[in-house]
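Have a look below at one chain only, the form predicted on its own, in structure tokens format.
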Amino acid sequence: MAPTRQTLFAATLCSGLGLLLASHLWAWDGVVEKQTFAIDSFTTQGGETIPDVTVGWEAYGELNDARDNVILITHFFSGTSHAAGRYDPDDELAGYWNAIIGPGKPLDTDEYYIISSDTLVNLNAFDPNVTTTGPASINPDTGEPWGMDFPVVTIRDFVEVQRELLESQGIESLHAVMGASMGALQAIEWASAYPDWVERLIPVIGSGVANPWLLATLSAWAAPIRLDANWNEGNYYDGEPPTDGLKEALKLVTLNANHWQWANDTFNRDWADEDRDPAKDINARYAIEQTLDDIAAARAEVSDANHFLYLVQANQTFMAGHGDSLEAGLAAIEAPTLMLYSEKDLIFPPEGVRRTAELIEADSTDVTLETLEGNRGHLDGVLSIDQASDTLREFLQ
């Protein structure tokens, strides 16, 4: 039976579009504490300086004495560091990969110390559970929000902040790094930039470069914000924000992250209001339109439009190794690699994933490809991750 619109809405809103329940076993009670990491000054790959950088982070499990049981989770475009557990025992929704993180699960918190951080320019700048530095932050030199004066940041910059976070805890190696979508880009960049750190690489629904199709897709996501008059070239923090543009941008993200089969199976051609026929009322809408708008409106309440644009730029500029050669960037990866992907992915099509795998294994690095089944396309990398539980458990061991 197709899910109701209410079920879809709840599932999509849950920190990266996953409604996954937490476990309450004795070794880990599923309650997570959000913490903050600060850097006095950070220099971007572009050579710009950002003072007073802060990012939020959380961890599950315990760091062992050797500090060698660490798994880093890197999050996706619209996600946060909330990969598992709940901030409060009464929270209905858990972190987006709670199905695989916890006691006895593939990413076993009885064995591993699993850590995740909010990225720079995190989309959810106004979520009380997110800490991030970006355009909405106060520039200490002016006392005003940075706006579009904030330096351009890249996927490699996200990795460098994570490296400083890890080093602050005395961590100098990773049992594995794993992430979905934009998180896969960060994971790949980790293994390329720091092959001596990364023992295992697990990119999920992602590939080694933002190809022209993705460049255009990201540009289409950004367009509604730039066309909103309230955007005002990014200078809106003392006025009305470009909420309409941001909602349309988030609507496109949700649509593209799904698959046409999901849309057809879930909504048919139902009307949003059973008493209003779109064939007779120019303002009447279909159920899928209304649902996507409802989801986007809710997400826009905690999101920032400029942060969205900076994330678009960070993803567009991605090439493994942060250099001029994709082949060289992927050849630098020495870690055994498990790539999980969807044949129905409309954002990172399977051909690009397979090409990435070929380039990583060109110098005999072990690569395993495994598909995730479902009708959600790109989102199956979040919603259907438990399908890979046995493979993940074996790969990590």
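Numbers follow the displayed sequence, beginning with 1. Because the structure is predicted, anything quoted here is derived from the model rather than measured.
Below: the form predicted in complex with a further copy of the same chain, not depicted.
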- [ ] Kindly confirm or deny that Thr49, Leu340 and Leu392 each have some heavy atom within 4.5 angstroms of a further copy of the same chain in the predicted bound form.
- [x] no
Open item on the list: Ser219 versus a further copy of the same chain, in the predicted bound form: is there a non-hydrogen atom within 4.5 Å?
Closed with: yes
Task: a further copy of the same chain contact in the predicted bound form: Pro140, any heavy atom under 4.5 Å - done: no
- [ ] Flag Asp228 as yes or no: does it have a non-hydrogen atom within 4.5 angstroms of any non-hydrogen atom of a further copy of the same chain in the predicted bound form?
- [x] yes
Open item on the list: Since only the chain is shown here, I'm wondering whether Asp363 would be in contact with a further copy of the same chain in the predicted bound form (any heavy atom pair within 4.5 Å).
Closed with: no
- [ ] Identify which of Ser173, Asn235, Gln169, Gln316 has a heavy atom within 4.5 Å of a further copy of the same chain in the predicted bound form; exactly one of them does.
- [x] Gln316
Open item on the list: Which residue, Phe77, Tyr310, Tyr112, Trp146, is the contact with a further copy of the same chain in the predicted bound form, using a 4.5 Å heavy atom cutoff?
Closed with: Tyr310
Task: Candidate stretches 82 to 90, 160 to 168, 286 to 294, 183 to 191, one within 4.5 Å of a further copy of the same chain in the predicted bound form by heavy atom - done: 286 to 294
Open item on the list: Need the contact residues for 256 to 270: heavy atom within 4.5 Å of a further copy of the same chain in the predicted bound form, sequence order, or none if there are none.
Closed with: Asn258, His259, Trp260, Gln261, Ala263, Asn264, Phe267, Asn268, Arg269
